[in-house]
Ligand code: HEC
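Next up: a single chain in structure tokens, the form predicted on its own.
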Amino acid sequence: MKRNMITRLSALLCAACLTIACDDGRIYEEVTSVQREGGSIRLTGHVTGRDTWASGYSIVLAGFADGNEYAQTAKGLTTVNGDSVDVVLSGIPSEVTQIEICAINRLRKRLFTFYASDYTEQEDTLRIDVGSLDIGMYTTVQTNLFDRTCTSCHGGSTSAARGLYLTADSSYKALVNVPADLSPEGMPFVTPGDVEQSFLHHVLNSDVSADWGMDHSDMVTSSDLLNLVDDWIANGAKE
């Protein structure tokens, strides 16, 4: 009887060995094809002035679709080793047609653009070097307000109305903590940290200049730009 049991056990062991021999024991992972989602950009360059912005604004690398002022995708622009920038924006939707370095608000609405480039999705990461950019808050005021609206009368030619030069090389020294000669209260054009005590605010937001032959409040109608000036003053009027 023992011999029969031993014979049966031997037969079972042989069958088990044959079964194991058919399976090498390895676990094979299922091979799947993962489709790449969106494009990718690596942006480098030197950017100054990012730290002069007030809260409520974000300086970002963002993607926009045609005719849309709200960013489809965005990533905060940070600097390393001083003013060097090296940022990767991935997962860019296919509808994006333009890449920008810009200031956006909390709703991701584009407010001011510092750099823009057309964009078409590619398989490889697109590399962009923006060179050197000054994106400071005051530089944005200069570019979007004084250069576009004011310098035609205030220093763009050989003279400046009321002796007030608002060209890029003169405007800051002409405004900050400088008494405005047409202010009845004698307030400065710009009082850092105090919007209501800044004559520039009243000139742009009220009819105080209506008797000067030109109502300056009619010259700037963009709420984003008016808010920029006030926020720059409230944030300390940094150069």
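Just count from 1 along the sequence shown to find any residue number. Since the structure is predicted, the reported quantities are computational estimates derived from the model, not experimental observations.
Missing here is the form predicted in complex with heme C; even so, the following discussion is about that form.
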Here the chain appears without its partner; judged in the predicted bound form, the stretch of 80-88, 124-132, 98-106, 141-149 with heavy atoms within 4.5 Å of heme C is 141-149
Can you work out whether heme C is within 4.5 angstroms of a heavy atom in all three of Tyr57, Val60 and Lys75 in the predicted bound form?
-> no
Do Ile41 and heme C share at least one heavy atom pair within 4.5 Å in the predicted bound form?
-> no
Examine Ala168 and determine whether its closest non-hydrogen atom to heme C in the predicted bound form is within 4.5 angstroms.
-> no
Does heme C get within 4.5 angstroms of any non-hydrogen atom of Arg110 in the predicted bound form?
-> no
With heavy atoms only and a cut-off of 4.5 Å, decide whether Ala210 touches heme C in the predicted bound form.
-> no
None of Asp51, Glu37, Glu69, Asp181 but one has a heavy atom within 4.5 Å of heme C in the predicted bound form; the exception is Asp181
Can you name the residues of 197-216 that have a non-hydrogen atom within 4.5 angstroms of heme C in the predicted bound form?
-> Phe199, Leu200, Val203, Leu204, Trp212, Met214, His216
